[in-house]
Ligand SMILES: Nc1ncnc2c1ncn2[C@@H]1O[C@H](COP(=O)(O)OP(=O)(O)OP(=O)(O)O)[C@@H](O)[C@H]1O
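Starting off, we have a lone chain in the form predicted alone, written out as structure tokens.
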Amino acid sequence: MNTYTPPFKLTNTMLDLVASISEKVGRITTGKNLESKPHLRKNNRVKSIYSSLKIEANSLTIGQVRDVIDGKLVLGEQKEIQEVKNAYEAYEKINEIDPYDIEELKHMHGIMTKYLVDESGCFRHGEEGVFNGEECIFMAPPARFVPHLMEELFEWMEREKEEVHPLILSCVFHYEFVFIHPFADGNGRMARLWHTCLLANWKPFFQYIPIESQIERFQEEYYNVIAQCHVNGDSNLFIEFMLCQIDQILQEVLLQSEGQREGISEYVKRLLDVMEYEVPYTAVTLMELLGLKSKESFRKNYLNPAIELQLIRMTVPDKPRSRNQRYVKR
């Protein structure tokens, strides 16, 4: 009987982070923060796709990613547009995926890399390395070992899924997957997608939590931690890193649920409802969306309170009245 176990050890830091995350999970679930906000769910999914692809050097802006998803014409490199279409199709199937089935992993890789790579939906036949830009972090195991290594990893997950907390198990999988590097292309995208699948299998709302955006913000540290774990021979540092990112992004999601926060007027709520996340707006555009004509009323009742509550940021904070000023929903 195969009893392979990926090398890692629980630490106090991990346990503290699991407790903190669990507390936030409870608040999100109890408050139905995402269930009642389809707009927030969509924006978070756009963030996930945009960030995961940006890590892989896709140059489309978040606005262009949103337009591709909405079926609008986007001027850009066809390969990058196809990457967005593929990623969106894959993320839309998260609630249908059994993350403990290795054949489903291959199937989803086929969707994620459709029309983009020759070895789509199958394990690699050539040798690969893990790169951060032009820097090779480490060389992956030889291709001939990949099927066996992946079978061991999935067998471990199936065997331990009732014993190892999903937050820990998903982080271990993420690191081991990156280390094995089972596909010729798309390994980073698949590692992040599958991490989300494992968490969504535990708590469905995780399919709308943009963990990828946290990884993209700390991309350099992400790769540095992977490299250090390779040297250490275990995934401890990576588990701590990822748990920290999950904890932080859940805190952001709680803050995004503006309807649950005290001290927010109905005016500010209306303003937030007409804005997309991370999209810059002029004051004139926001007034049009709100159906307002008075600049004074707009600034006094809507814009200034939202800025004071740090729910909206200015793109030119040092010059509040700049003609180039734009306003972005946090």
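Sequential numbering from 1, following the sequence displayed. Keep in mind that what you see is a predicted model, and the values were worked out from it rather than measured.
We do not show the form predicted in complex with the ligand, though everything after this point is about it.
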property	result
Contact flag, E128 vs the ligand in the predicted complex, heavy atom cut 4.5 Å	yes
Contact test in the predicted complex: Y223 vs the ligand, heavy atoms, 4.5 Å	yes
Contact flag, Q207 vs the ligand in the predicted complex, heavy atom cut 4.5 Å	no
The ligand contact in the predicted complex: A227, any heavy atom under 4.5 Å	yes
Non-hydrogen atom within 4.5 angstroms of the ligand in the predicted complex for each of E56, F138 and D185	yes
Listed range touching the ligand, judged in the predicted complex by heavy atoms within 4.5 Å, from 173 to 181, 240 to 248, 69 to 77, 148 to 156	173 to 181
